[in-house]
Structures are given as C-alpha cells and as structure tokens.
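Below you will find one chain, with nothing else, as structure tokens; this is the form predicted on its own, and questions on how it binds or moves follow later.
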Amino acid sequence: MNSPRFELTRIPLFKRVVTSRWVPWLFMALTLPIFLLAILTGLFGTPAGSRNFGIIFVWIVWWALVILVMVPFAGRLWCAICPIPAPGEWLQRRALIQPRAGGKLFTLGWKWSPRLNNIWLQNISFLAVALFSAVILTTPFVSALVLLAFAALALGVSLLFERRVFCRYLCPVGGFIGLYAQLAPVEVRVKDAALCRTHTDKTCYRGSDDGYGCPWMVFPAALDKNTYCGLCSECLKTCPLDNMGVFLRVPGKDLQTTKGRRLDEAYKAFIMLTCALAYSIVLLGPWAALKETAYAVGAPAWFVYAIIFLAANLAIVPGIFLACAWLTRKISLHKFSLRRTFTEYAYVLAPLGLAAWAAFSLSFVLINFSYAWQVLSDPFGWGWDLFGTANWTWTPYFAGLQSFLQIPILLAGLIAAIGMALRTAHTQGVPSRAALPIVAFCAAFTMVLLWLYV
C-alpha cells in the first residue's frame, strides 16, 4: 500500500519556481560570495574564532540551518544551493544559466570506478574532518584551509569526471545529509511509472536542450529514496511528459522498507551516531582534559585520543550493535545472515542520529549564535562596524531552557527508532520481540545522551 502524498508541483507558482533555470543559479550566486568571505576571513582575519566570520557563519549559522532546518524538513535542499561545486559545474557546462546547444560537458569524461560506487570514501572523509574538528571548528586559518581544499577538490574532480562526482562520492557533508534526507517529508519522484516506461529518450538522465542529465548520476524514473537526489530539479526541466514532480509525503517514507539497504550506508549511521556522542562528551562535557587533548593535535595524548575516537566509530559502537543484531538473529531463529540482520537494523539509527545531532547542535548554537551579529559588521575582526552591530554584547539565547528543548528531540528520535525497529522485524517476517535487543541499544544510547545534557 502506497503512503499518501501531495504533489507540490500542482501549484502553478511552486512549479514555476522549481523549473526556473534562474532560481538555482541565484541561490548559488548568493552563497558563493559568503563561502569565499568565510575563506578570506579565515586566512586574513582575526585568529579569535568568536570574532571571525568564517568560524561563526560556517560552523554556527550554516550548521544550524542545515542540521536543524534544511535536513529534517527539506532533505538535500542544501545540496541544491551549495556553492562548493558551483564553479566546477559552471566550467564543466561552460554556461551559468541556460544550457549550451548540444549540451556536451567540458571534462575529460573519466568514468567513476564501479568499485567505488558507494559512500565509503565519504565515510572516511567525514571521519578525517571529525577527528580534527576541535581545531577546525575553532581556528579560522585551519577552517579556511579545509574549505579551500573542498573547493579545489570539487573543481579538479569536475574537470576529470562527468557530472557531480564530488558531491555523490566524496563530499563529507553530502554523505550524512543523504542519510538523514530519507527522513524528510519532501521527495522528487515520478508521477506515473508506466508512462516512463514508454519514453525511450530518457532525457531526465541524458539531458536535452531544456536542461542537463541528472548531475547526481541517478536515473530519476527508478528513484525510490532521497539519499542520492540533490533536489537540483533538472529532471523536472528535461521531462517532456511532465512526469516528474515534487511531493509532500509521510516523513521517513524511504525507511519503511528494507529494500536496498547497504553496509556502507549502515556504517554512515554508526559514524554519525558515534560522533554525536563523542562531540557531546569532548566539546560540551565537564571534562576539560578531554577537550584540551582534542585540541593538542600531534601530542602523544592526542594520538591516544585519535585511536580511541576511530575505534569507537569503526569497531566499538558497531561491535556492540553487532552483538545486539546477533541476539536479534537468535530470536528470529537464524532466518537471515548476521550481516543482513546487522545492515538492515542499522538504518533504525537514522532518526536517533538526527535527533542526537539536533540536540547537540542546540547546545552550542543557542549559546553562540549572538556572535553572528558582531561578525556581520566586522567579519575580519579589524574594527569595522558596517551595520552597527559590532559592539553588541554576547547573549546566550534561551539560557536555562536548552534541556527542555533537547529532551523532547531525543525522545522523538528514540520513539521513531523503536518504531522502525519493530517495522523492520515485521518486514522480515519475524516476531516483534526479535527487535528488542535493537530497541535496548537505542534506549541505552538515548539515556547516555540525556544524562550528558540533563
């Protein structure tokens, strides 16, 4: 039985907006100067993170918009307006807005290796950033170098490979946005699958004079989850049958089935969940020595921290979950392999992980967001006062109320995870009690976070 959904593209104004070639370009043209300013202020501005535009607007303002607003409510909307791939994509297309006649891309046309047709590289790149995040998130110069490296890599890859290989396979941010986009109440999908089967040109994938083939290398007619849909709307522009639409749907619809669940995506769920816990302990916990160790990159104590951090992400937390999956398999009377049980149940961690990140983000966003008004007037920390806000005092928002916001978020994530665990058991055709070890894992993890925050 199909879940109910409402087609937003039936609304004429909405359809004009999402099929306009100007709208994506305008958003990228707006975010690109902000991105460049973040790099410049990091390289040449004050080294004080709280007074530097690059630190505050990337790791406070942008992060709050992505993790608290865009991902939960609009999936990969950020990917549609992200400035990082913009220069490479414009150069690849040799056009800013309207497609060139013929539509041939300016690239060497290398094919991405089928062996790397997964998100393992994104998992590795995210872990690499996370390992050094204590420095990246607080040191403007280092932060600028990381952003510059992302931009250079995206540009270089666009000249070698077809379409958005960087976004699909390499971007550390895109990996977790794709995972959590499955929970969003918005999707781009085919209206009538039967009509697609009669259309042999497949312009939604190949492109036409009206637009480009899917930059994410996804065949839109077969799209069944948000993980790799960048909401670029090219398929809506190139479908001559008007058979692609944007829909409102039941949140988390992609996770209602176990079809297509993969180990690389499962490990992304573990990495995100473990990092949320690690950040909460190291950056927000009362243990100052841990925070100092995370900052002391290269010191002997830091190498111990790095080993523990990586082990927790790649072995300890997945290992505990593997034990729970083994128990689940025992209760299920060995109906499926341990690998399949482990992989399919790992997806229940998606809502739990998103809730953990939202709760963690509230902790520092509400405390530090008021710095944004200061750096807006004085981005480099050079004594400017462009908008009269440079001397506004730091004021934490909703002081004392953070835990009252974090508790319902974490409990909502737990309830969603439990519901998914029970549904997974039902989909596998095993008793609901088989999911109890997974439920226990999720409950224990939530209790640890509640203890840390409350």
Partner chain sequence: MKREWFALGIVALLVIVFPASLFGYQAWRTNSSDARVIDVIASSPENGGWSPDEIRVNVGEHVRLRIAAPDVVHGFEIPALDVRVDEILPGHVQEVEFVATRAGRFPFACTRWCSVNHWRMRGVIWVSDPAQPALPAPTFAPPLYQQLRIDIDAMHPAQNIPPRKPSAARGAQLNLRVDADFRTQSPDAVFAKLRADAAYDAYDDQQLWDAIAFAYFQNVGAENIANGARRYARDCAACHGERGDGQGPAGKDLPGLTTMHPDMPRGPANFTDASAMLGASDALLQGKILRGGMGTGMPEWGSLYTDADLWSVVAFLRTFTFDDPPAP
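Owing to the predicted nature of the structure, the values given are computational and were not obtained by experimental measurement. Residue numbers count along the first chain shown, from 1.
We do not show the form predicted in complex with its partner chain, though everything after this point is about it.
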> Is residue 380 close to its partner chain in the predicted complex, meaning a heavy atom pair under 4.5 Å apart or at it?
Replying inline: yes
>> Please tell me whether any heavy atom belonging to residue 40 falls inside 4.5 Å of a heavy atom of its partner chain, as the geometry stands in the predicted complex.
In response: yes
>> Contact with its partner chain in the predicted complex for residue 65, defined as at least one heavy atom pair within 4.5 Å: yes or no?
In response: no
> Taking heavy atoms and a 4.5 Å cut-off, does residue 405 contact its partner chain in the predicted complex?
Replying inline: no
>> Each of 5, 277 and 320 within 4.5 Å of its partner chain in the predicted complex, by any heavy atom, yes or no?
In response: no
>> Considering non-hydrogen atoms and a 4.5 Å limit, which listed residue (122, 182, 374, 203) is close to its partner chain in the predicted complex?
In response: 374
> Which residue, 307, 160, 222, 96, has a heavy atom that falls within 4.5 Å of its partner chain in the predicted complex?
Replying inline: 96
>> Only counting heavy atoms and a 4.5 Å limit, does any residue of 35-61 reach its partner chain in the predicted complex, and if so which ones?
In response: 36, 37, 40, 44, 46, 47, 48, 51
